[in-house]
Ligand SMILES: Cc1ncc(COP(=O)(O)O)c(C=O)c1O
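A single chain comes next, written as C-alpha cells; it is the form predicted on its own.
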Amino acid sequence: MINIDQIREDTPNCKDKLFFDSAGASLVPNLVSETISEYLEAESQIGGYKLASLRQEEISGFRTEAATLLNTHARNIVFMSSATSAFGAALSAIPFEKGDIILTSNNDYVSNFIQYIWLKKRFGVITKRINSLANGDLDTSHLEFLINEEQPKLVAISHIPTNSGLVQDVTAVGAICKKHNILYLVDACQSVGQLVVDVQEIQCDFLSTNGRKFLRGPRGTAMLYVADSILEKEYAPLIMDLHSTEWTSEDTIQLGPEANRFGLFETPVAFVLGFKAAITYANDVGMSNIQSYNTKLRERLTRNLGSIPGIRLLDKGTQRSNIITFIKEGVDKATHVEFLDKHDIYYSVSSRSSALIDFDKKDVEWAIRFSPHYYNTLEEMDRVSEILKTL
C-alpha cells in the first residue's frame, strides 16, 4: 500500500488545486526539484565539466535506477531528451530499404505516425495498420495475418495512446514478434510510471519513454531501452558522436557495446539527476503499489463521470489506464475550457490532429483529458465529479 499522506507531503503543490494532467506533465516530488537545484548551484561554482567528472558515479546511477524500473540492466539504458527523440533514434537504427513494411496500430502516437509518413516520402517505407476489435483492443489475429502476408521489417506499438485510456496488449504482440523473429519497438511514454512495465515480459527490442509524464520527472528527459540482441549487432542511429562510438582510423569507427551508442555526449546533467531522483522515488513507492492505487482512482472517477447526465466517456478497451477522455454533449470546447479553468482544475484538451484515426471513429473533434495519478485522492475524484455536474 502507498502512504498517500507522505506522498502529498512530498508533493505540496498538489494540495491547492485539482491536478489531473499527469499525462501531460506531472507534478514532481520535492526530491526532484531539490536535486536539480543543488546540482545547478554546484555547477555554477566549479563548471560543468569538473562537476560531472567528480560526480560520474552518481550520474551513471541513472541507468541503474532506470534498469530496476524496467527489469533490465544498466547497459541496456540510455538517456534521451524526449520520447520522440528516443523513438526516432530506434527507427533510424533500423536498416530500412524501399518497400519495407512497418506494422503499427490505429492508436499510435501522432509523432510516430509523422515519422512513418516521412519514412515513406524519403525512403519508400510502407506503413500498414493492424485492425482494432469492436471493443478497441488490438486484433492480434490480424497482426499474425499481416506478418505472414507482408513479412514486415518492424512492428511498432504505442502501449497507451496519448488521446485515450486504451492499454494495448504489448505483451501479446511481443510474443508474436518473437515467434516470427520480427523487430519490435514499443512507445511507452504514457505507461511507464503509472503501470508496471517489464521489458523482459514484453520481449521488445526497443522501448522509449519520457520523464515528464507519469514518472514525475523534469521536462526534457527521456530514455531508450535497447535489448542485448540489438546491441550484439551493428545497429546504431544516424546521429552519433564520440560518446556513441570510437573513431579508430580515418574512415572507420567502433560502435560502443552498450545502449549509450544511441545517446549523445551533451546532456543536461542536472536534469539527468532530476530524472534519476524521480525514478528512484517511483521505485521506492513501488510500481505495483502505484498501479494498484491508480486503478482505484480511475474506477472511482469513471464511475462518477458515467453517472452524470450528458457526459460521454470516450475510452475503450479491455484494459484501461489513468487517461480518461470525455465530453459533455451539447457543450462546446470553449465552454468546457472556461468552466474547468474557473474551478482551478488542471487538464488537457486532446484534438483531432493528434488522434485523427481514433477521433474520426468516435466522431469527435476534441476531448477533455483527465489523468489523475497516485498523489491524487479518492475524495478529489468525487469533488471534481460534483463540480462537473454543474457544467
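Quick note: we count residues from 1 along the sequence shown, nothing fancier. Quick caveat, the model's predicted, so the values are computed rather than measured.
The protein also exists as the form predicted in complex with the named molecule; that form is not presented, and the subsequent description refers to it.
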{"query": "Contact residue in the predicted complex, chosen from 166, 83, 202, 272 - any heavy atom within 4.5 Å of the named molecule", "finding": "83"}
{"query": "Single option in 76, 162, 132, 127 placed near the named molecule in the predicted complex, where near means a heavy atom within 4.5 Å", "finding": "162"}
{"query": "4.5 Å heavy atom contact, residue 190 and the named molecule in the predicted complex", "finding": "yes"}
{"query": "is_contact(residue 216, the named molecule) in the predicted complex, heavy atom dist at most 4.5 Å", "finding": "no"}
{"query": "Interface membership of residue 116, the named molecule in the predicted complex, 4.5 Å heavy atom rule", "finding": "no"}
{"query": "Contact label in the predicted complex: residue 194 to the named molecule, heavy atom within 4.5 Å", "finding": "no"}
{"query": "Heavy atom contact within 4.5 Å of the named molecule in the predicted complex, the stretch among 95-103, 246-254, 154-162, 312-320", "finding": "154-162"}
{"query": "Residues from 204-234 in contact with the named molecule (non-hydrogen atom within 4.5 Å) in the predicted complex", "finding": "210, 212, 213"}
